[in-house]
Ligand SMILES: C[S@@+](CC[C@H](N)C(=O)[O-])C[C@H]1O[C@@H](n2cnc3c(N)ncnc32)[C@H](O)[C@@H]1O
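As a starting point, one isolated chain is supplied in C-alpha cells, in the form predicted on its own.
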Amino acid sequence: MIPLVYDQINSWGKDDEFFLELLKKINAKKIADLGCGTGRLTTHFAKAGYHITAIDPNEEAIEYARSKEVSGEVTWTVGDSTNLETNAYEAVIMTANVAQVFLTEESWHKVISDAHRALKSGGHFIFDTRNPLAKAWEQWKKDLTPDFATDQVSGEPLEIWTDYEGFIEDVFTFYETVKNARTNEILVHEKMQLKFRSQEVIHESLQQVGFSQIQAYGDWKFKQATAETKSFIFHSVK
C-alpha cells in the first residue's frame, strides 16, 4: 500500500458494500479495524455509527487517515495486532486482503490469536483473502498500463507502475513505482509481498486458535465459497 495514491486508485466497490452489510447483520457496535491503512473504509464504518479502533503499522497511512473529516468515533493507532485490547470488541475486521501480508505461519498465527484474544465472547472475526486456485496474478501480469492519480498537495499528475517478480514457494512478490507523469521523477518505489493460503489451511488455522462457526462466503455474496471462488470472506465466532 502506498498512502500517497491508495484512495485514488481504490474506488468504492461491492467488497465495501459487503463488509458494511455483514457488520449490520451481526449487530456489532464496538469494532477494531485491523490494517486500516488510510482509513478509506474506516470512515464509512464510523459514519454508520460504529465505535472503532483503527490500527495500522504504516505511520504515513495513519497520518492520511487522521487528516480526514470523520463523522463518528474513531481512535487511530500506529501499531499492529498486539495493540488490540483484550476482550474488548464485538468484531475485529481486516479488509482489502490485509490477511495476505502475513507471510510466515508464525505471523499469521499471531494475528489470528490476537484477534481471538481481543474479542468478547460471541464476537466476530471477519476478513477477506484471495483464493489461490483463481490465480489472480495471471490477470495482473497481463495489464501493462499504469494507474493514474494526482498529487493532492502539488496537483501534479502521477503514474503508478507495477512490476511482477513472481513466486518463491507461495509468496508472491511485486513492486509498485509512483512517478511524476510530467517529469518522470520517481516518488515512491516499494516492494510488496503476498501469501496465498488455501481455504482449507485458513479454516484449520482459525479452528486451532479457538474460533467456531467458521464460514467462507464467496465473491461478495452471502453464499458459500466454492473452488471457483475468486475472493473468500471468512466469518468466524469466538
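Here the structure is a predicted model, which means the values were calculated and not measured. From 1 onward, residues are counted along the sequence shown.
Separately, the form predicted in complex with the named molecule exists; it is not shown, and the next lines address it.
Scanning Val78, Ala149, Ala134, Val101 against the named molecule in the predicted complex with a 4.5 Å heavy atom cut-off leaves one residue, Val101.
Residue Asn58 is the only one of Ser205, Asn180, Asn58, Thr43 with a heavy atom lying within 4.5 Å of the named molecule in the predicted complex. Although the partner is absent from this view, Ala32 stays clear of the named molecule in the predicted complex, with no non-hydrogen atom inside 4.5 angstroms. By the criterion of a heavy atom within 4.5 Å, Ala88 is excluded from the residues contacting the named molecule in the predicted complex. Using a 4.5 angstroms threshold between heavy atoms, Leu4 stays clear of the named molecule in the predicted complex. Put simply, Thr95 is close to the named molecule in the predicted complex: some heavy atom of it is within 4.5 Å. Segments offered: 22-30, 167-175, 206-214, 35-43. Contacting the named molecule in the predicted complex at heavy atom distances within 4.5 Å is 35-43.
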